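For reference, the chain that follows is the form predicted on its own, supplied as structure tokens.
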């Protein structure tokens, strides 16, 4: 492990893993509890249009990804709540639109689009220092927003109608939550890519839910599981020359299966892990 840290690209990879785990650990809990996994996946895939826009304009694709993901979140949230179109249909349409737009813009970009596969499937070993600083800034925004609106988000996730009855702006809170999810997706893009981002957003939170239903404890456990698995996945991908994003998700899925199976066996013997 110490030998790996001697390389600057590995230092960046481990830093990116920790920052992504913090974001997905906290926001992923809201996604799982409120059961908005599908709409989160819609935001992730629709944001590919921003990556294509970045390539087309000749700028860092992250500059196109950030505003486009926020616009996608606002569009999906507004359409799903106010449109007569069924929510799943609206998500599918906007999901497809973003992906199609991104593909066309990449095709119209002169020359070769470098590192495109990184945004689709992730490659944490190639994360530059600039992206680390950007991820850190987004993490601070996410943490600050959750700190300020923790009680409001809690009410929104468990009983949206009660939130409205209490006079809270549930629609605006919902859109704000989707925007924070969009920022979390931006943080995780370079780690596992658009295709696999929904797994890192949901599996650690679902895993933590096996041990507790306390929201704060779930956030802590989810971040911990995400961090440990991401670091392990990086090490495995480096040692065995495997795709980093896919390796992280594979390890995470295996851990979820093992914990679920082991917990069920132990509970049959009267051992409880809830806290």
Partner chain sequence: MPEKKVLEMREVWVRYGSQIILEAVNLDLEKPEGLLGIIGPNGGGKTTFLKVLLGLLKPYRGKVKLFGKSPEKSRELVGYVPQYKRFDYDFPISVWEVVLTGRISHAGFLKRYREEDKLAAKKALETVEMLNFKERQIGQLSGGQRQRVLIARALASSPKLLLLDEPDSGLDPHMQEELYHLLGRLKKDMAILMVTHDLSAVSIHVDKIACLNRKLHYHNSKELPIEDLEATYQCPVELIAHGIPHRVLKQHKD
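Just so it is clear, the structure is predicted and the values come from calculations on it, not from any experiment. Numbering follows the first chain given and starts at 1.
The next section is about a form of this same protein that is not shown, the form predicted in complex with the partner chain.
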Report task. Just give me the single entry in 79, 71, 106, 157 that has a non-hydrogen atom within 4.5 angstroms of the partner chain in the model of the complex. Result -> 157
Query raised in the report: Considering 152, 87, 131, 139, which brings a non-hydrogen atom within 4.5 Å of the partner chain in the model of the complex?
Result: 152
Query raised in the report: Hey, in the model of the complex, is residue 162 touching the partner chain, heavy atoms inside 4.5 Å?
Result: yes
Query raised in the report: residue 93: heavy atom within 4.5 Å of the partner chain in the model of the complex?
Result: no
**Report entry** Heavy atom of residue 126 within 4.5 Å of the partner chain in the model of the complex
**Finding:** no
Report task. Look up in the model of the complex whether residue 167 has a non-hydrogen atom within 4.5 angstroms of the partner chain, and give yes or no. Result -> yes
Report summary line: Here the chain appears without its partner; judged in the model of the complex, the stretch of 233-241, 57-65, 42-50, 205-213 with heavy atoms within 4.5 Å of the partner chain is 205-213
**Report entry** Interface residues of 176-200 toward the partner chain, as seen in the model of the complex [heavy atoms, 4.5 Å]
**Finding:** none
